[in-house]
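There is one chain below, alone, in structure tokens, taken in the form predicted alone.
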């Protein structure tokens, strides 16, 4: 397991074009997004005190973009390191590699959080218990 996996997470800025008609943001898989996009979903209607995510993925990488409103994303590597990102501009997103714990929270009332994934959905690859995640991370580090 790469000890610096949390350092692979990064903010991405996408091409934004616009004129008096409005704005257009371009995100292409394998170009702007560091993987081929296999799945797209979005989260909306979450209250400010709701925490979404609360899991890690064995195989999936993600890019999260708040296309409307705002939210925060806390990521943890299971070794005591964590980073919080504020998603508040529709032309930026956060890349999250596999085997990183993620919590999405502090949603504005108008928040629409777009999630791009590198894999199709597979419930078996989700780790939903943080203690289990820590155990797996530490076993792989041996």
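Since the structure is predicted, the reported quantities are computational estimates derived from the model, not experimental observations. Numbering follows the first chain given and starts at 1.
One more form of this protein exists, namely the form predicted in complex with a small molecule; it is left out here, but the text below deals with it.
Peer 1: Can you pick out, from 63, 87, 104, 99, the residue that has a heavy atom within 4.5 Å of the small molecule in the predicted complex?
Peer 2: So the residue touching the small molecule in the predicted complex, by this definition, is 104.
Peer 1: Consider the chain as shown here, without its partner, and state which of 91, 74, 79, 52 has a heavy atom within 4.5 Å of the small molecule in the predicted complex.
Peer 2: The residue from 91, 74, 79, 52 that makes the contact is 52.
Peer 1: Choose one stretch from 66 to 74, 28 to 36, 53 to 61, 79 to 87: the one whose residues place a heavy atom within 4.5 angstroms of the small molecule in the predicted complex.
Peer 2: In short, 53 to 61.
Peer 1: Spell out, yes or no, whether the shortest heavy atom distance between residue 128 and the small molecule in the predicted complex is within 4.5 Å.
Peer 2: Because a heavy atom of residue 128 falls inside 4.5 Å of the small molecule in the predicted complex, the answer is yes.
Peer 1: Decide whether residue 41 counts as a contact residue for the small molecule in the predicted complex under a heavy atom distance cut-off of 4.5 Å.
Peer 2: It does: once the small molecule is placed as it appears in the predicted complex, residue 41 has a heavy atom within 4.5 Å of it.
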